[in-house]
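The form predicted alone is given below as one chain in structure tokens.
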């Protein structure tokens, strides 16, 4: 079986990449999705707030996904559901299995990795206590409640203030549960400000910053959890313990890009993001293998996933058409002074048409700062920001006039934060 382009994942990233590749001249495209329907995580996100940037209107997750699914059908792009991809080689040989075709292999000219991300579990954060039933990741609980029709509990404590946890605090409340608190280890929330307001403040759900769960108690089912304040080193402070009676503990303690397949294809992984190292075209370290969406780095808005994935789909098409420039001396982006990471990691200016988008997250909360972009220590752009937080991804667009300032043979582009002198 041969296809010009194989896309691993039929969520928002994979759908956008497939559509963009078709609209840029690739006819032979196959999308492989392991779930029973297209749309990925969006299908269980029945709350609104999606599409404000992309469509200039507020949609639910399924509504946002449906627009891309309908476009996929309109363009007659092939896809396989209930299909698990087992392996990808550097030569872009994809091995997969499903109940219809059995085991099969596809030779592709290019591959787009769009597998999304995984939730951190209780084991990843080492919460002590008994192994009682009633401990769920927030995303698992969301699927049970929104898609499968099961109520996971009535008295709930949520650990972590990521967006899924905040949304589930509201969802569980609307379904009749008593959400006692959202407990956050850091001194700031891990979710969007709008979700704190709409999901916690509007329902009088407490957000306990600089707190953690120190013990889970219960035999067959969770009966209570112990929480405590933490110090600046995130260690529980003795004497601050509180016991909360509950039957359910939801974990919203971070997402991890899902890159087992990427590693099998010998794709270089960035240790900070947990995703592939990519260039301005979203191409990985393996020529012809592209990556986009949460598999590269965790996004807070699906609109940004779509934008990034369109870029991957377009450049995958250019690669197949042998129109993508490749040289051995690309520019390297470098995160400095308050910036945790930047995507893309490498830039080849020959492939830039009208702009270069740099996406990044800061490492703490900052007030009244400047985002400064430098090329070989020479400042080329500066943007003032009143407020920056790790939970919200930032982006800087370098337009044609900025790109023209980049010196040939440049080794680094850096972002840094400077305090604004008042």
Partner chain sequence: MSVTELICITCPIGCHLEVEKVINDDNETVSYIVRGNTCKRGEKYGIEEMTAPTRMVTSTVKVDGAHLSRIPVKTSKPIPKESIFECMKVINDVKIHAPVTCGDVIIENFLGLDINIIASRSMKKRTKVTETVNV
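Positions refer to the first chain, counted from 1. Predicted model, so just to flag it, every value in this text is computed and none were measured.
There is another form of the same protein, the form predicted together with the partner chain; it is not shown, and what comes next is about it.
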Notebook entry, point to check: According to a 4.5 angstroms non-hydrogen atom cut-off, is residue 98 in contact with the partner chain in the predicted bound form?
Noted result: yes
Exercise. Is there a heavy atom of residue 62 lying 4.5 Å or less from a heavy atom of the partner chain in the predicted bound form?
Worked result: yes
Just to confirm, residue 239 within 4.5 Å of the partner chain in the predicted bound form by heavy atoms? no
Would residue 188 count as a contact of the partner chain in the predicted bound form, using a 4.5 angstroms cut-off between non-hydrogen atoms?
no
Contact with the partner chain in the predicted bound form, heavy atom within 4.5 Å, among 368, 376, 48, 357 goes to 48
Only hit among 333, 351, 273, 146 for heavy atom within 4.5 Å of the partner chain in the predicted bound form is 146
Of 283-291, 81-89, 322-330, 335-343, the segment with heavy atoms within 4.5 Å of the partner chain in the predicted bound form is residues 81-89
Residues in 172-192 that come within 4.5 Å of the partner chain in the predicted bound form by at least one heavy atom, in order, are 173, 174, 175, 192
